[in-house]
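Consider the single chain below, provided in structure tokens and representing the form predicted on its own.
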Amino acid sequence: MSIVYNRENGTITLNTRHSGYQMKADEIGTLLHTWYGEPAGEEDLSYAIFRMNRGFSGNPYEKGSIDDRSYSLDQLPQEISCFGTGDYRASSVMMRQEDGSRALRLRFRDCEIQPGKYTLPGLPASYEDGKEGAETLTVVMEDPEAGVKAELFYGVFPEKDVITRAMRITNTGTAAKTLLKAAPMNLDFISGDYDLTGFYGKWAKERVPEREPVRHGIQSFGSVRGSSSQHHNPSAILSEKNATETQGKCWGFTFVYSGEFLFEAEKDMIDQTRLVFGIHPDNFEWVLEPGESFTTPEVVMTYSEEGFSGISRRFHDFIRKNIVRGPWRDCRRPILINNWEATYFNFTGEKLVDIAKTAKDLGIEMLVMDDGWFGLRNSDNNALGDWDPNEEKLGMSLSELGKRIRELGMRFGIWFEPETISEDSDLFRAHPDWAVAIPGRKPDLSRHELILDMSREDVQDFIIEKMCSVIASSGVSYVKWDFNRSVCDKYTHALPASRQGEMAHRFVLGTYRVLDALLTRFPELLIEGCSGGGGRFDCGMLYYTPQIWCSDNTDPIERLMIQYGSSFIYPVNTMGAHVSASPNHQTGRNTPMETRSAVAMSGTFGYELDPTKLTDAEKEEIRRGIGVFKELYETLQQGDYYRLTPPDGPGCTVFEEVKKDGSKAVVTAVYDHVRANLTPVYTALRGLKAESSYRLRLIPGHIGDERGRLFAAFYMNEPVLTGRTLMSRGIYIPHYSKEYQSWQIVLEEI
């Protein structure tokens, strides 16, 4: 069993293949956290928790005798921390009682071990894939004086080296109470000096990794924007000081939630480190009437002694198989072309058909019609919410357009922004109260957009009805779900003043309900998440949308950092990535077509340009790129991903994808900075079979370059190389002969 409860000493031990996790209910019912790290057996690890009287640390009444003042919640490592009863560090739970007090004292009552993985009704959550032997631990904590019960859920995936955490709080009293903070993860380390890596960003520059020491006091990051946001991703990695890409102890965390979150790290007075991860409390209050419960989203945790790369591979495997669902989880998704950067709002149905015809000839499999097909939508100033096709603009019905695209042998996709509304729209004129705004105030505008109140069921039902009608009538098989602004002026007419703190969370639950309804009605539908690019790139959305538009920035050189940062947590096949026109629309940079293709292949792979304007040479390069992607698909999209050199390194960014059985690898190298007399670039590879032999080749399209021919001649005339040599001595990356040169090198076991 992966979970063992020892009733004699109170320990509960959670085991995976390469990690161990332990907690213990002590003599007064405090649930101590005793270990998370390498496997440590089932012995009682609480011996390492040293107690002493440090002054100004309160003692629980049960332990506050004159003979022993060493027992203090302010020093003890715990599985759940409560505000207001002697633990002065960051807390995971805070509740306002009917008398106005905010103190809780939760004590262990019982636990239960069950086969399989728990579910969270109304929320996305990881699931067991086949017969993995997942187990669920439910720990019951109670504060009978306050009339509160907390159930702590732990999902253990022993083969994936993953443990998940969620929590349900129940009002067992006789009067209403208000939950003020709900963080399902509280994790304490009694010793060690650590670094914390978070992922910050902004529009067009999402998920930049930033590593800094965990310092005394509280450092935090999060979002109060109504979504997880471009600005801080709901993920983090804690690491030892000496941890690198390939070695050192690391702990990874990601939140299966698309709304407002807060991650806190605190080093306390005796150098213990506490991590708290959950819903952001700044705009959160949840009223619980007697008997009512609140369930948090879940946190996914993993541990590795193989550095950051080990954390990434575990997250990648888990997200691919235990978060992403549905028929598209394991399938190659269609290679698409999106008309946004090709036409923006200026298109007709005939123009789209022309794009589709040319794209089909190049090997592209799906046309996606972006913004501008509905209502009077010819700019981003109006008509959001009026989801009736503009047949006058299209010059045909949406049904006819979809039919003509499908008759070409292509799939048809369409863009929606369901959660927003324009002030200049028929929907707003009919239902002004559906727009999020504080009574008596003019709301903030962003891109001339207002927010639809997704916390309301009638709004959700309207969106479900309109989207289902469009999808059914047009034969759409793909939806790009966009969300182009942050949420502020939070208020809902559906709740009284005392419950306005529930609005932000109910907004996210409403979005999940709509997504779930669409997938129930159209189970084969492929949805790509988007939020002004990568503004809602999280595991909550990936539960419904197996891929997410990584960023509105399609410049391949800029994308190197964006996709690099994303790769710490998220697998390649979740990252929406397109080959766009050159010069690039965001930066004006000119890059070779093969470089744009090479970078986009480490994503879902598609195109964002007008193929009717391409030269014959560019069209041939697209055909070649699509052929390469299909040939190497399993390695590129389902293999293990390795970051070999960072984008801010020596001027050449190198990454590697290795087929799961180690029989094939693809090394991609992009020169992101031109330098005179560049030092030769060598890189050691990873993930190969040490005793196997490999032959190297450049993929077609690069060999025609003079330096490519030199590389090919050098390696192809050499004896085959062993995996051991390739992973120790490494390979030479050919020098560039033009700006932003890229190389793709294939290694095949022989």
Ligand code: GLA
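Position 1 is the first residue in the sequence shown; the rest follow in order. The structure presented is a predicted model; accordingly, all values stated were derived computationally and were not measured.
The same protein also exists as the form predicted in complex with alpha-D-galactopyranose; that form is not shown, yet it is the one meant from here on.
Among the residues F153, W340, F284, F189, the one placing a heavy atom within 4.5 Å of alpha-D-galactopyranose in the predicted complex is W340. When you look in the predicted complex, the only residue of D482, D87, D161, D453 with a non-hydrogen atom within 4.5 Å of alpha-D-galactopyranose is D482. In the predicted complex, alpha-D-galactopyranose sits beyond 4.5 Å of every heavy atom of Y257. Within this chain, P334 is remote from the site of alpha-D-galactopyranose in the predicted complex, having no heavy atom within 4.5 Å. Mapping the unseen interface onto this chain, E79 falls outside it, with no heavy atom inside 4.5 Å of alpha-D-galactopyranose in the predicted complex. alpha-D-galactopyranose is not shown here, but in the predicted complex it comes within 4.5 Å of a heavy atom of R447. Just one listed stretch, out of 536-544, 130-138, 368-376, 676-684, contacts alpha-D-galactopyranose in the predicted complex at the 4.5 Å heavy atom level, and that stretch is 368-376. Taking alpha-D-galactopyranose as it sits in the predicted complex, the stretch 155-173 never comes within 4.5 angstroms of it through any non-hydrogen atom.
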